[in-house]
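Next up: just one chain, as structure tokens, the form predicted alone.
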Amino acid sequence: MYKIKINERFVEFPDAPKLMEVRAKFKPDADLVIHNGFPTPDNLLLADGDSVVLIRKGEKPPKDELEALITARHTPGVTEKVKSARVGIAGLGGLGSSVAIALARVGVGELVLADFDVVEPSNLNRQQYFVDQIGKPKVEAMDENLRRINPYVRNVLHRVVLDAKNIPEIFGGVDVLVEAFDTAEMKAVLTNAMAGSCPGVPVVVSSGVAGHGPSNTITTSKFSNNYYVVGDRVTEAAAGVGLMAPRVGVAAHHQANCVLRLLLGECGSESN
């Protein structure tokens, strides 16, 4: 018996099949045939354990198949644990937009996205939007971009100015909340609102992500029981010190990784 992985699912054959026989049986209209990671037009004799991916250009695969293909390179067990998670992201600028994309690729079940702003040309130096989205509300643009990655993602959109009253209403049911604001004032409003109304929800905040200093000065530290701080805690945006894609991206992925570790129950008291 030969086991061949076809679009990330094992299928058993009594005899070693040929590659194009597999294509003819499972997806005869496939435009691209990938054998063990390499595209090939050859009718190879397959070996036990070989991997075949059959792709039709422009096709939207069924939900289960797409999930299997997207998460095929994940650490085993991760996807199953995060599928039921609900993560909030407050602010969809340079940090929040990058965090949203990272968590969607990981397979987080639901993202609660909140921002009042629209995409501006100046955002394109570091935020995950495109020229044809200029003028579009960020929540709508981000929903659009996430659905281009995975059309089956679940996003809850709030185009709203966040304040002490609506923050608990919007994010009260999340498993983890990401703070991705630009101003110290809004950071304080969010952390105080969550501490007062939702003290059990972990919050991943940012402090000091501007400029182009060394990447290794960006760290993740546990600040208190449910608060994790990402950044160098010093380098804020100011005259002569801008917000730039590389360092903002490093910080955003620190935040996303901290969220993932919290969802997996792996985030302790140590810095990471």
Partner chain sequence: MNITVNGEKMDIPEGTSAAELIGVLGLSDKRVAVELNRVILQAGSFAGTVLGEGDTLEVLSFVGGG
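Here the structure is a predicted model, which means the values were calculated and not measured. Numbering follows the first chain given and starts at 1.
Keep in mind that the form predicted in complex with its partner chain is missing from the display, and what follows is about it.
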In the model of the complex, the residue from I34, L69, A237, A245 with a non-hydrogen atom within 4.5 Å of its partner chain is A237
Give a yes or no on whether every one of F130, P137 and R147 sits within 4.5 angstroms of its partner chain in the model of the complex by heavy atom.
no
Within 4.5 Å of its partner chain in the model of the complex by heavy atoms, the stretch out of 219-227, 57-65, 36-44, 22-30 is 219-227
*Closest heavy atom of V99 to its partner chain in the model of the complex, within 4.5 Å or not?*
no
Using a 4.5 Å heavy atom cut-off, state whether N192 contacts its partner chain in the model of the complex.
-> yes
Does its partner chain get within 4.5 angstroms of any non-hydrogen atom of H212 in the model of the complex?
-> no
Would you check, heavy atoms only and a 4.5 Å threshold, whether L124 touches its partner chain in the model of the complex? no
Within 184-218, the residues having any heavy atom within 4.5 Å of its partner chain in the model of the complex are A184, E185, K187, A188, T191, N192, A195, G196, V205, S206, S207, G208, V209
